[in-house]
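Take a look at this one chain, the form predicted alone, written out in structure tokens.
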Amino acid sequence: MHIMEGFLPPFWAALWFALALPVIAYGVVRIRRLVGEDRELLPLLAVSGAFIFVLSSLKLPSVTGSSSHPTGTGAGAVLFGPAVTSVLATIVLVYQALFLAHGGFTTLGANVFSMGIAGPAAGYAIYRICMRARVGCCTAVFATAAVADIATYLTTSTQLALAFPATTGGVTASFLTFAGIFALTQVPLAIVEGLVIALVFRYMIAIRGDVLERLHVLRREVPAP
């Protein structure tokens, strides 16, 4: 989600920066370690970042008067984990704020936390559960992408509710209002995003399954489809 420039009160803007920075720092360490161990992962990192940029730039008008968009972070979460995905999402959000007026710099911490940390973390947790349950890889990827998308918007709804509690009902009422605005278009959008990313992974399995095995994404004992 992209909360616009200057929308959050200073306290909340600073808080989300403080929560996001340690995760981003750890993600940078993880990237250096991954690339140091296997230079062939660099193109895949770049493609994952580009995937996030393209999908999250597709701003679609919502029937509720707001707008919705895919996040694309589910793919990065599966391939590299949530910490690395937070770095990719940060780079994407900086470029979008700078060149597309999509989001902002004062709200960058909040946007990174929702789209780059909370969403990928929730999706990755679902992916690990699916793998332990020996669910097929593409089915697990679908669930990961869909959950990452929905979790991002639930987190954004929470951020907005905390910053702007309702006069009647407080944070809870405000959260239900914001979440309700997004839900009508975001839930079907999350399903579509899950299907698209699952198809991308099916193609990746067919052409470079060895890379996915090195990343421990694909295991021979788990069926790919």
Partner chain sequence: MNRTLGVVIGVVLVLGLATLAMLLADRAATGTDDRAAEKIGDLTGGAYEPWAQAPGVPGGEQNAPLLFGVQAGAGLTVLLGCLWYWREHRSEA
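Just so it is clear, the structure is predicted and the values come from calculations on it, not from any experiment. Positions refer to the first chain, counted from 1.
Same protein, other form: the form predicted in complex with the partner chain, not shown, and the subject of what follows.
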Answer key: of I181, L34, L195, L162, within 4.5 Å of the partner chain in the predicted complex (heavy atoms) is I181
R208: heavy atom within 4.5 Å of the partner chain in the predicted complex? yes
**Item:** is_contact(T185, the partner chain) in the predicted complex, heavy atom dist at most 4.5 Å
**Value:** yes
Contact label in the predicted complex: E40 to the partner chain, heavy atom within 4.5 Å
yes
Q) Using 4.5 Å between non-hydrogen atoms, is L19 touching the partner chain in the predicted complex? A) no
In sequence order, the residues of 78-101 that place a heavy atom within 4.5 Å of the partner chain in the predicted complex are V92, Y95, Q96, A97, L98, F99, L100, A101
